[in-house]
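Take a look at this single chain, the form predicted alone, given in structure tokens.
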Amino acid sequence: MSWGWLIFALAFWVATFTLNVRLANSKNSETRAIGLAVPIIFGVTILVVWEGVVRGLNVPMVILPAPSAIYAKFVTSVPTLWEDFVQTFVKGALTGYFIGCGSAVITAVLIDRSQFLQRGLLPVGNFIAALPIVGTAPILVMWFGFDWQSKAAVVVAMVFFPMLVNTVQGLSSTTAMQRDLMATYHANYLQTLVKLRLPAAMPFIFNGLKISTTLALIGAIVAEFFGSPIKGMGFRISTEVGKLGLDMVWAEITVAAIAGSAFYGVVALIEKGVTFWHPSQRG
């Protein structure tokens, strides 16, 4: 046990915690600079304390590698990590995300026009959405093969019904007075849909899109556990765990976390531009 590292980690945590409390409670806490500084300081604190505890307690690599070891593996494995990123995120997750979310919006519009589909498809959709991915992923891998197409199919199955439910709920969010106003203008269904109901549904649609960003990446990674070519995040994680290469596993997790956070941020940024009129985006 190295007491120097443990004392350093504790002192650093106390100092940064005190600093963050003061920044959060300061008169200028609502400024953009402090709003960015607080989470950055918090994240750096986690990494430093993590490093200090692992080094201070001499934690073995197979249990928990230090952030410095993960960073060293990350730097030396950039080509492999990039290849895995393209295979899993670009080909599998993004393709399935766009197909699943796009088809869900189209299906929601069709359901909105049909009482039969509202009463028949939505309960079935809720049942299918409750099926565990570890049960459906092997079946879809056998149907669509071991390449990225089967991973995209798993992603479609995961994002379709959450997106469908949110869109259907959004299309029904308009008030009777708003619909009556469109009727007084002699607006047909398509005009009402485009000018009233879809804009009103945008907050619900983007809520489904943001939820699906996480589901898409999780689905693509988990699907690779059940069959994949010799590349991909899920493939690399499963093989490196078997070889006790925990530093590479954490490097892949880091790539997945960065990609997922960036993906969510892009969707949230688009939402801010599209739904600028909504109360949640003001001020």
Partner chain sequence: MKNVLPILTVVAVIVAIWYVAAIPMNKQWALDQAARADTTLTTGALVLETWSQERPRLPAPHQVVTELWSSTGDLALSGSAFSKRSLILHAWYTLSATLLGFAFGTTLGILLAVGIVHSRAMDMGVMPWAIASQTIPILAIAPMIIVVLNSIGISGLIPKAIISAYLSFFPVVVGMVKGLRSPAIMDLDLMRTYSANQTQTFWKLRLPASMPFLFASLKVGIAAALVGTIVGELPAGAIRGLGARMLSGSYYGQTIQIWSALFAAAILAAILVGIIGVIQRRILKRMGMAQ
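Numbering follows the first chain given and starts at 1. Given the structure is predicted, the values throughout are model-derived calculations rather than measurements.
A second form of this protein, the form predicted together with its partner chain, is not displayed here; the remarks below concern that form.
Enquirer: Check whether A24 has any heavy atom within 4.5 Å of a heavy atom of its partner chain in the predicted bound form, and answer yes or no.
Expert: Yes.
Enquirer: In the predicted bound form, does L131 come within 4.5 Å of its partner chain, counting heavy atoms only?
Expert: Close contact exists here: in the predicted bound form, L131 approaches its partner chain to within 4.5 Å, heavy atoms only.
Enquirer: P123: heavy atom within 4.5 Å of its partner chain in the predicted bound form?
Expert: Result yes; P123 sits at the interface with its partner chain in the predicted bound form.
Enquirer: Evaluate T275 for contact with its partner chain in the predicted bound form, applying a 4.5 angstroms cut-off between non-hydrogen atoms, and reply yes or no.
Expert: No - in the predicted bound form, heavy atoms of T275 and its partner chain never come within 4.5 Å of each other.
Enquirer: Between the options L198, V78, M142, V90, which residue brings a heavy atom to within 4.5 Å of its partner chain in the predicted bound form?
Expert: Looking at the other structure, the residue within range turns out to be M142.
Enquirer: Taking its partner chain in the predicted bound form, would P39, R119 and A256 all count as contacting it (heavy atom within 4.5 Å)?
Expert: Every residue of the candidate spot has a heavy atom within 4.5 Å of its partner chain in the predicted bound form.
Enquirer: If you apply a 4.5 angstroms heavy atom cut-off, which residues in 209 to 241 are near its partner chain in the predicted bound form?
Expert: Result: T214, L217, I218, I221, V222, F225, F226, I237, V241.
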